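Next comes just one chain, in structure tokens: the form predicted on its own.
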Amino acid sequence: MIKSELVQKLAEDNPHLFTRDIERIVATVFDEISTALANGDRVELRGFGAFSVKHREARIGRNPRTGEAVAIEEKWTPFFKAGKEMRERLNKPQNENVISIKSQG
């Protein structure tokens, strides 16, 4: 699902709201999460999961084409950990049936 599909789904589920208002709400939520992560904060959405940033140290990597050593700078990367309710919802028995049917075909 992409952002525009999320906005469309929310608009269908909430016909009393204008689409432009829903777009603004979704954009604001994403902006606040991004700002918090940029400030080094952790964002937790109960039942969904937690967003955080992880530090990756500088290291020496290899150019896969030439094999030449390449210096890779340190960086911060976003990280998401699914919450308990999300993991349980994803691992319901009905999903196991869908997966087993797909793997047989």
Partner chain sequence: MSGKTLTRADLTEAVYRNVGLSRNESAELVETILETMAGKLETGETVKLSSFGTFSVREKNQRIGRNPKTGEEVPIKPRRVLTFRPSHVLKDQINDSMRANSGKAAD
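Remember, predicted model here, so these are calculated numbers, not experimental data. Numbering follows the first chain given and starts at 1.
One more form of this protein exists, namely the form predicted together with the partner chain; it is left out here, but the text below deals with it.
Participant: Is there a non-hydrogen atom of Asn14 within 4.5 angstroms of a non-hydrogen atom of the partner chain in the predicted complex?
Facilitator: Yes, Asn14 is a contact residue.
Participant: Considering non-hydrogen atoms and a 4.5 Å limit, does the partner chain approach Arg24 in the predicted complex?
Facilitator: Judged by the heavy-atom cut-off of 4.5 Å, Arg24 is in contact with the partner chain in the predicted complex.
Participant: Wondering, does Lys9 line up within 4.5 Å of the partner chain in the predicted complex on heavy atoms?
Facilitator: Answer yes; at least one heavy atom of Lys9 falls within 4.5 Å of the partner chain in the predicted complex.
Participant: Although the partner isn't part of this model, could you tell me whether Thr66 comes within 4.5 Å of the partner chain in the predicted complex, counting any heavy atom of the residue?
Facilitator: Although the partner chain is absent here, Thr66 would stay clear of it in the predicted complex, with no heavy atoms inside 4.5 Å.
Participant: Taking the partner chain in the predicted complex, which residues of 68 to 86 have any heavy atom within 4.5 Å of it?
Facilitator: The stretch 68 to 86, when checked against the partner chain in the predicted complex, contributes Glu73, Glu74, Lys75, Trp76, Pro78, Phe80, Ala82, Met86 at the 4.5 Å heavy-atom cut-off.
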